[in-house]
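Starting off, we have a lone chain in the form predicted on its own, written out as C-alpha cells.
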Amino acid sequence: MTFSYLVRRILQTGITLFLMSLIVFGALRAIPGDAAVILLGEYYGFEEVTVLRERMGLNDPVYVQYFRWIGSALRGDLGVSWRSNESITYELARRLPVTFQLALLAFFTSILIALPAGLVSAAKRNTWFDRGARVIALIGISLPNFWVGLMLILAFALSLRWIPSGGFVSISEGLGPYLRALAAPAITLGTAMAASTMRITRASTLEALSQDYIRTARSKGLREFTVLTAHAFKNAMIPILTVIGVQFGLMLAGSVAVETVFSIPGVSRFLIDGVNNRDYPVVMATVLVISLGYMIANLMVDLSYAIIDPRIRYE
C-alpha cells in the first residue's frame, strides 16, 4: 500500500460526502410541506410561522442555508434538533453505539452461518445439501426485513416468550438480557447478508476448486478438508471479502426497518424520526454519519486486499 493511494482514497471520500450532502440537502428542501408549520402543529398563526421560520433560518436563500450548515459541520458542530432542541452530536454519540452493536452482532451471526454453509455447499456440489442451501439462501434474500422481524416477534416473543418484543438492553445489565434483547434483531438484520455471503462463498470456492493448483494439492495426498480450507477458500477470499464489506456498510445504513420494528433507539430510527418531523439538521447529520461509516467500511476492505493476497499492489 502506498501513501499516495491512501491520500487519494481519503480525498475521494471527502468529495463523495460533499456531493452526497448537496443531494440530500436539495432533496429535503424539495419535500412538500413547511418544516415550521409541521413543528408548530395543527394550530398556528401566520405571525408564529414567520417568527419560527426566521429563527430556523428558512427565510435565507437555499445556498446560504447549505453553506452555513456545511461550515458548522466542518467545525464539528452538527447543530441542534428543531424538534427537541437537543444537541445532535450528543444524540448521535448516544445512538451510534447501539446501531453499531446491532450491526456487529448481526455481522458475526451471518458470517458464522454463511461461510461454513457456502464451503460445504461448494464441496458437495449438486447434492441435497447444496440444493437446500441455495433454496434457503434465495428465500433469505427475498424476504423483507420487517416481515422477518414481525414473524420472530410473533413466534419467540408473543407465543414462546423467550425474548422481549422490543427495546434495547445494555451489556452492563448482564450478558444474558443483552443477548436476549438483540438476538431477534440481529437475526433479522443478518438474514439477507448471510444469504448473499453464502452464495458468493459457494461461487468463489467452486471457481477456486476448478484451478490447477487444487489438482496439484490433491495429487500430493492432502486431505480434502485441507484442500478446501487452506487452498481453495484462501484464494476465494477477495470477492467474499468485498461482499462482506459492502454488506456490513449496508447494515449500518439499512437497519431502519429493524430498529423500527424492535423499537431500538439507534441511528436509523433517529433518521426516520427526523424525516417525519422535517427536522432537517437531524436528517443531514445522520445521513452524513451513516455515509461516512459506509465509506470507512469499504476503505478497510480495500486496504485488507494486500494482506490476503500479497501480489496486489496499490497504484
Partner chain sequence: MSRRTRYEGRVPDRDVSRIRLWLRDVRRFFDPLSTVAAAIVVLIVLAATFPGIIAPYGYEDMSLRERLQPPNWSHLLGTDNFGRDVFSRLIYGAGVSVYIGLVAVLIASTVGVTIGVVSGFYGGMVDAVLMRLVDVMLSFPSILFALVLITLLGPSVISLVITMGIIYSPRMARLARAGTLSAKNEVYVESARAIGVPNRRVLLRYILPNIVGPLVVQASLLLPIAILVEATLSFLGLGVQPPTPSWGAMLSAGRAYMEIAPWLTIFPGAAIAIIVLSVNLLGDAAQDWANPRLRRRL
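Small disclaimer: the values here were computed from a predicted structure and weren't measured. Positions refer to the first chain, counted from 1.
A second form of this protein, the form predicted together with the partner chain, is not displayed here; the remarks below concern that form.
Of the candidate stretches 221 to 229, 107 to 115, 200 to 208, 177 to 185, only 200 to 208 has residues whose heavy atoms lie within 4.5 Å of the partner chain in the model of the complex. Contact between residue 260 and the partner chain in the model of the complex is found at the 4.5 Å heavy atom cutoff. Within 4.5 Å of some heavy atom of the partner chain in the model of the complex lies at least one heavy atom of residue 276. Under a 4.5 angstroms non-hydrogen atom cutoff, the partner chain in the model of the complex lacks residue 64 among its neighbouring residues. Under a 4.5 angstroms non-hydrogen atom cutoff, the partner chain in the model of the complex has residue 27 among its neighbouring residues. When the partner chain is considered in the model of the complex, only one residue from 93, 154, 74, 171 comes within 4.5 Å through any heavy atom, namely 154. Heavy atoms closer than or equal to 4.5 Å to the partner chain in the model of the complex belong, across 273 to 293, to the residues 275, 276, 278, 280, 283, 287, 290, 291, ordered by sequence position.
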